[in-house]
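First comes one chain, alone, set out as structure tokens in the form predicted on its own.
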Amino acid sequence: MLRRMSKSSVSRLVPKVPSVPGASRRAAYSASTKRALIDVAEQLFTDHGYAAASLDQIVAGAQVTKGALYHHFSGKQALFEAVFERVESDASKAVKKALKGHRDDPWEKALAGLRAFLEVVQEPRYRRIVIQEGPAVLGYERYREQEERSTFANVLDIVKSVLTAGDWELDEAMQQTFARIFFGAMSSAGEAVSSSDDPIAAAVRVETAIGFILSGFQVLVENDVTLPNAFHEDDSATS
């Protein structure tokens, strides 16, 4: 049986509506209602899971009516998707912030981004909402779309930094290929850490493994090793 949220918890979740006139006040109230619904839903989904959190509990926690909920969301799944998007967006911002501090060193930049990501996947809300519930509630295709929209840009940024450290001329398609391979590895690593009985130890293992791969790239750069060119259909005409 789910515990009822205390009034003090609700008061922290429901934002105060700023004192503005007319239509602006209505818009502010509507926005605050939507935020409150997402806040309460995030807490309930994190603590109890998607299936166990009812719409009645969500609207009660947000102190709004079901009509207000349906004004903003078509139903429980749409509300979950909004929560999922916010959790993923926050994760992406955390990784992006870590990357900014290492613009001049691609290797430290990559490790900083990896460490930030490994910290994020250990957060209870990320573990429950993104890793555990996301694929089942959203469906695999929708889940991957949402994940790529929020985190793939960071992975591409890291990969481009590493690849441009060497004297390699790789086209955009090849850079995207590298990024997708690393993105898949990061996603798998995130799931492994999140679902581990000892997430801290799992995160250390992941950092060691990916650090080993990065050190291999660094050796290639330092020894001026040429990467093989990707095969293009146009090349077959001249072969």
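Just so it is clear, the model here is predicted, and its values are computed rather than measured. Just count from 1 along the sequence shown to find any residue number.
Not pictured, yet referred to below: the form predicted together with the DNA.
Which one of A185, A202, L170, A68 is close to the DNA in the predicted bound form, taking close to mean a heavy atom within 4.5 Å? Selected option: A68.
Heavy atom to heavy atom, is L55 within 4.5 Å of the DNA in the predicted bound form? Looking in the predicted bound form, residue contacts with the DNA include L55, since a heavy atom lies within 4.5 Å.
Classify H72 as contacting or not contacting the DNA in the predicted bound form by the rule of any non-hydrogen atom within 4.5 angstroms, answering yes or no. Yes, contact at 4.5 Å.
Whether V64 contacts the DNA in the predicted bound form should be assessed with a 4.5 Å heavy atom distance threshold; does it? Yes, V64 sits close enough to the DNA in the predicted bound form that at least one of its heavy atoms falls within 4.5 Å.
Is there a heavy atom of F178 lying 4.5 Å or less from a heavy atom of the DNA in the predicted bound form? No, no contact at 4.5 Å.
Heavy atoms within 4.5 Å of the DNA in the predicted bound form: which stretch among 191-199, 206-214, 28-36, 170-178? Stretch with heavy atoms near the partner: 28-36.
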